[in-house]
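Read the single chain below, which is given as C-alpha cells and is the form predicted alone.
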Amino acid sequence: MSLDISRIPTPCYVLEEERLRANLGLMDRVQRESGGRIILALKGYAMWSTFPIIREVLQGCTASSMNEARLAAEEFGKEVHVYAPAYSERDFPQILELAHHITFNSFGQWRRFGPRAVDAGISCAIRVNPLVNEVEVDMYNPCGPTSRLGVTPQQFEPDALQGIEGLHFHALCECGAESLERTLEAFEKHFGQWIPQMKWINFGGGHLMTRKDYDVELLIRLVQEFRERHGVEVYLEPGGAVGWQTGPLVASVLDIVHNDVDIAILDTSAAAHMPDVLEMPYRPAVRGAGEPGSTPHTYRLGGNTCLAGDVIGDYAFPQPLKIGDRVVFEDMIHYTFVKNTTFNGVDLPSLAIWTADDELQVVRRFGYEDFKSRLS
C-alpha cells in the first residue's frame, strides 16, 4: 500500500520506512564491495527515531557540534566523529567524552585542543581543502574562493603532523561519483605525500549515491582502489543521501487570494520549514502539479508567515485548489527539519513514519512550548 495522504495531519514530514531501507541497502552494498565505512552526517538527517533502522547498516555518525555529538552518542550508539570549523573551551571537554574521532579545521585549533584529544585516546585529523570547484552554488561550495573550511596546500604545516592520524576533505554537495574522482586527483596531488603517515582518510559528504543516475560502480571502485593504493581506512559521511527521496512534507490550503495571480496560502512555510527553497534557491516538486500554465489552474504557493517573500513558487494544477486540499512537497526529509525555525511563532511540522506495515506513526508534534522554550 502506498502512502495514504488523507491520513496525514498537516503540516507534517512523513518518512517512508521502505524507502529509507532501500537507501540503506544500497549503502550496505557500497560498504561491502568497497571496504569503505559510511557514517551518517547529522547536519543533513537527524530523525533519531529512525536510528535503530540506520545503525543496522551504517557505522556511526558525524557531528558538527557538541549537541549533535551527544545525540549521536545517546541515540545511535556507534562511532562518533566530530568536525567543527572551530571548537570552544566551553564545549570541548564534553566533546572529549563523546567522540572517537575529531577533525580540526586549522593547525591553530590542533595546537590548542589536539593534545587534550590525543591524551583522551581520540583519533585526530586535519581538514584540508583540495582546491576543487565541484559545487556550482557558492553558499554550498566548501572549496570556494576564501573558504574558511579546511587548510589549503599553501597553509599546510607538515611539521605539525605529530599525533595526527587522519586527513579529512569535504568538497562536494549532492554530487556524482565523477566529482569525487576529480576531487581525489586534486587531493592526492596536493596532500598525497602525507597519506602514508595516516591511518584513515575521510572523504566527507555530498556523495548522492542514492540518486537514480549516480554511478555506484565508480564510487565503489574509487574507494576500493584508494584503500588498496594507500593502505588506509576510508570514511564517507553522506547526510542527504540517507534521506534522499524518503518522504514528503504534506501541507494543507488555508486560504486562496488573488492579486494579479491566484495565491494559495498553506499551513507551512518556505522561510521556516523549507529554508533551502529561499537560500539555494530551488523549486521543490509538488505531487500532481507542473510548471505554470502547463495545466488550467496556476497558483502561487505561499507560506503562513508574515515575511513578504515567504513564497515557495508557482505551480499548475489540473483542478482548482480549494481550502482544505492537501499539497504534497516531494523529497522533504533531508536538509529540511534539521534547519527548521519557529520564526513568527508558526508551529513546526509534525514528524511521522509510514511504516513497512502501512501504519502511520506520528513520532513528534510541536506546539507552543517548543516555541517558548527557545526564547526568554
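A residue's number is simply how far along the shown sequence it sits, counting from 1. Here the structure is a predicted model, which means the values were calculated and not measured.
Unshown form predicted in complex with a small molecule; subsequent notes refer to it.
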Inset, instruction - Could you work out which of G239, G166, G303, G247 is the residue within 4.5 angstroms of the small molecule in the predicted bound form, going by heavy atoms? - result: G239
Inset, instruction - Quick one: from Y335, F51, F343, F317, grab the residue that has a heavy atom within 4.5 Å of the small molecule in the predicted bound form. - result: Y335
Legend entry - Candidate site A41, R127 and G206: all three near the small molecule in the predicted bound form by heavy atom within 4.5 Å: yes
Legend entry - Answer range among 41-49, 346-354, 28-36, 323-331 for contact with the small molecule, defined in the predicted bound form as heavy atoms within 4.5 Å: 41-49
Inset, instruction - Please check if Y83 has a heavy atom lying within 4.5 Å of any heavy atom of the small molecule in the predicted bound form. - result: yes
Inset, instruction - Report yes if any heavy atom of H101 sits within 4.5 Å of a heavy atom of the small molecule in the predicted bound form; otherwise report no. - result: no
